[in-house]
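A single chain comes next, written as structure tokens; it is the form predicted on its own.
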């Protein structure tokens, strides 16, 4: 018997524009796709932020939604589990020092955000507007601020790991509390599943890379598809239905 194809999607940048609502035309397409296929979602954001980007009927039609990079799991609007963690105060103080020392001087608030099982940090701040986020992202592509932080942080001997998420932020999690957690959780429920993962942050230091790597290491029939925007995702999925 052939494997049952299971689709896993990152949300921000993969199904929607960054920190924005899903585009109406793609929403119509994706609603039908979710109805016809076996779909899971995984995001670095918590469920409240995911709901800001995708309508609840789509989330409830999915076979499951992983928030906080897999530290929480929802099905049909009901929480199935949470894997929380208490971070050391001195680590949180070091994050504030990093933000304060950044040469990027524009600040818009909400720079350190505690989530289930993770800390999200942002120099420009999560309260930045779309235009302000874009400005920081363009600066960061040149300055490589987030990439350098992630590399330095991950070279320290401690039980934590960092990755860049979205346009403006960095996710800090206990080692192993990354998106790769979703693979085993899904395969517990879908033992005959061939997992197909779509994400826009699969490069080194990106928060989609752990899951992409786990699927690569697991080998056939699993796979991953790097995309740059939801339009790339849409184009790939047109070949499926």
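A quick note: this is a predicted structure, and the numbers were derived from the prediction, not measured. Residue numbers count along the first chain shown, from 1.
In what follows, reference is made to the form predicted together with a small molecule, a form of this protein that is not presented.
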Point to revise | Heavy atom contact within 4.5 Å of the small molecule in the model of the complex, the stretch among 209-217, 191-199, 30-38, 44-52 | key: 44-52
Review point. Residue 111: heavy atom within 4.5 Å of the small molecule in the model of the complex?
Key: no
Point to revise | Heavy atom of residue 168 within 4.5 Å of the small molecule in the model of the complex | key: yes
Exercise for review: Examine residue 123 and determine whether its closest non-hydrogen atom to the small molecule in the model of the complex is within 4.5 angstroms.
Suggested key: no
**Study point:** 4.5 angstroms heavy atom contact with the small molecule in the model of the complex for residue 19
**Key:** yes
